[in-house]
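In structure tokens, the next block holds one chain alone, the form predicted alone.
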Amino acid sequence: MEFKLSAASFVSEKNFLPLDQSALYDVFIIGGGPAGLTAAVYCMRKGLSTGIVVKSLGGQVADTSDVENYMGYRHISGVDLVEKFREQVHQFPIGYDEGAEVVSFSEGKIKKVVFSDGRSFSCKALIIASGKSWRRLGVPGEDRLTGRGVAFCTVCDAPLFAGKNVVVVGGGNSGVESAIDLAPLASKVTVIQNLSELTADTVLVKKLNSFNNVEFIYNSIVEEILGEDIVSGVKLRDLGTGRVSEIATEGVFVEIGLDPNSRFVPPSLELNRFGEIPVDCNCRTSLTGVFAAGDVTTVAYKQIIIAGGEGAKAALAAWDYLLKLNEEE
């Protein structure tokens, strides 16, 4: 059942195939981030007929300016790393669709994955690796300057802003943790909070207050992120007075949380109160034959390398599940 690769197969040829509605895939993967793409590689190497739907190739990685903590690369941009992922997957004859959205799937021995355009695909095992989506401010300049001073992953991008003035938007746990990571590196950190106080855990607030280069602006929201090719400042509005002001900054970290991409799962699949999918150590969910990996799950520490490892585990667990299923048949 092993899928053997010759040296000649490791080329840049695109061998992937369109998804086939008449096929019964051994494994179907939802998601094109590090977890989903790693799962795809492991499934293909195990000789499993595999389909994958990728709504946005790379997931959050594509929004990351630079990556310095992924093994094998001392420094690589998020866009370039995503392209490496694409090349790795596209060497295999995998059923592939990019841009489609999954709206539901049915449980059972044979699972049916339904797309928003009405297409559906059948599989024996399903891997959910749909990740999370950054909550965005939805203000002018945010999309245009993402990766050019606007960042969403402090753990990924903080070292790039050493010695610079930066802004963190958000006063909850995500925002305060971001400011704590940035304070030892940046020359100044300004935290923008839309309430009259920080809402992060007390221990985090205490830690943040131990730095002398952190400033707080309360009861204010970001109305626009300024800059041509790179971030140069933000426009703020005071919610009490309505006064609009601008402050100069070289980086804006949007830290208002993330939402798991789990809206399409059936009610029978267990979720926690945050909408994440609980998994065991083998990436098994509460539904038989349904596995999950990466940021959409309850696994701690949402990092590229961790998501990739979880994707590999999910694929191997699915392979083991299919072996036992075939024995029963």
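For clarity, every value in this text was computed on a predicted model and none was experimentally measured. Residue positions are given as counts along the sequence shown, with the first one as 1. Throughout, rigid core stands for the largest set of C-alpha atoms superposing within 1.5 Å between the two forms.
One more form of this protein exists, namely the form predicted in complex with a small molecule; it is left out here, but the text below deals with it.
Of the residues given (27, 283, 30, 277), 30 alone sits with a heavy atom within 4.5 Å of the small molecule in the predicted bound form.
Although the partner is absent here, residue 134 is a contact residue: one of its heavy atoms lies within 4.5 angstroms of the small molecule in the predicted bound form. In the predicted bound form, the small molecule stays beyond 4.5 Å of every heavy atom belonging to residue 153. Residue 61 belongs to the set of residues with a heavy atom inside 4.5 Å of the small molecule in the predicted bound form. The small molecule in the predicted bound form comes within 4.5 Å of no heavy atom belonging to residue 272.
Only one of 118-126, 239-247, 192-200, 100-108 lies within 4.5 Å of the small molecule in the predicted bound form by heavy atoms, and it is 100-108. No residue in the set 39, 313 and 324 has a non-hydrogen atom no more than 4.5 Å from the small molecule in the predicted bound form. Relative to the superposed rigid core, the position of the CA of residue 153 differs between the shown form and the other one by 2 Å or more. Inter-residue distance, residue 78 to residue 174 (Cα): reduced by at least 3 Å in the predicted bound form versus the depicted form.
Distance between the C-alpha atoms of residue 181 and residue 310: longer in the predicted bound form than here (change of 3 Å or more).
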